[in-house]
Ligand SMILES: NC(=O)c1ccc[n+]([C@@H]2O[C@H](COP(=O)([O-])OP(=O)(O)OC[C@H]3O[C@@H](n4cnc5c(N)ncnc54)[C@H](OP(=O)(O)O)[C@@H]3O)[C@@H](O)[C@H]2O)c1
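In the form predicted on its own, a lone chain appears below as structure tokens.
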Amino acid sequence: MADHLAALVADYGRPEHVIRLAKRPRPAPEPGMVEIAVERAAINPSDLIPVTGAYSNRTVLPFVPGFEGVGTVSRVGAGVTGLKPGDRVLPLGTSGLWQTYLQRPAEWCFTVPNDLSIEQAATAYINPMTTLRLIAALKDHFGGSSGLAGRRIGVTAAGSAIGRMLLMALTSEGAEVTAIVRSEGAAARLPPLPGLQTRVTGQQPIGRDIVFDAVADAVGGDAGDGLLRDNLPAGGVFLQYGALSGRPIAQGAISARADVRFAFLWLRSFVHSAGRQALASALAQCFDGVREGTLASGIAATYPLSRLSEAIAHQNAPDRRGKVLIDPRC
């Protein structure tokens, strides 16, 4: 069958330099496999970081980026039950959505409710599910019937899509939330939530005058090290779920705070250990949150795959507001 278009990474490096559009073959699905015609794919930091070689120990070259997106089943291999051509699905478990057609094992494809728009469906997985996992981890740590009510929680990169979701979810739980952002512009774009406090740090540490019971950190690096060192009491919890600085929390900083619970909360670990039933249940919660708006993402723009370089430039723009999507069909 005719070739299709894909964004291919053959060497590690800066995404704008090493991601190239290429024609790839479109073989018939093997037994147990499903071919998906991708309709929308999101650009997330987790898509671009592996391109740099940061996770080379678990990334095999060449590869197609894109962990999140939605498509329609176009063909199924022998033995596939429960899915048929025309079904709309989210393919989970690995990258590859930045291409016109993707093949995945049927067991890793989850149907999408018809009432979600294509944009809602394409962004209903990574940020919403990470938010739910973080809330669950915080509740598990603190326990008790009061949950997170009254807990002092700091959220770094609070102006990001997932940061905003966390702010809404935590304030709805009654937590005393502080949004940590790097600029006044980011602070001005935060949602107007009851009791929300804001700290603008620029390039500096947040300072030692504020104490949190918990920190949800997407930055890592020196800023994350400082928060762990200076802003948590004994018995607190530090959850790192991203490393936008390019460096996770230093092992020395973790070892120095043995009195604090530290955890790397990587969505990948949950997805690959939870099992299909637990993933289906988690996605159902994500879909509900998207419908309600608490886990919904604003869309900044949608680009055809043929203009991928423009899409990546927009993703990296400091004034970007919302998710950047790719339409691999054009």
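All values derive from a computational prediction rather than experimental measurement. Numbers for residues come from their place in the sequence shown, where the first is 1.
Unshown form predicted together with the named molecule; subsequent notes refer to it.
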item: Distance check, residue 175 to the named molecule in the predicted bound form, heavy atom within 4.5 Å; value: no
item: Any non-hydrogen atom of residue 318 within 4.5 angstroms of the named molecule in the predicted bound form; value: yes
item: 4.5 Å heavy atom contact, residue 203 and the named molecule in the predicted bound form; value: yes
item: Non-hydrogen atom contact residue 250 with the named molecule in the predicted bound form at 4.5 angstroms; value: no
item: Within 4.5 Å of the named molecule in the predicted bound form, all of 17, 37 and 100 (non-hydrogen atom); value: no
item: Interface segment, criterion being heavy atoms within 4.5 Å of the named molecule in the predicted bound form, picked from 236-244, 167-175, 79-87, 101-109; value: 236-244
item: In the predicted bound form, the residue from 228, 214, 73, 157 that sits within 4.5 Å of the named molecule by heavy atoms; value: 157
item: Among the candidates 152, 257, 189, 141, the residue which, in the predicted bound form, approaches the named molecule to within 4.5 Å (heavy atoms); value: 189
item: Stretch 273-298 - residues with a heavy atom within 4.5 Å of the named molecule in the predicted bound form; value: none
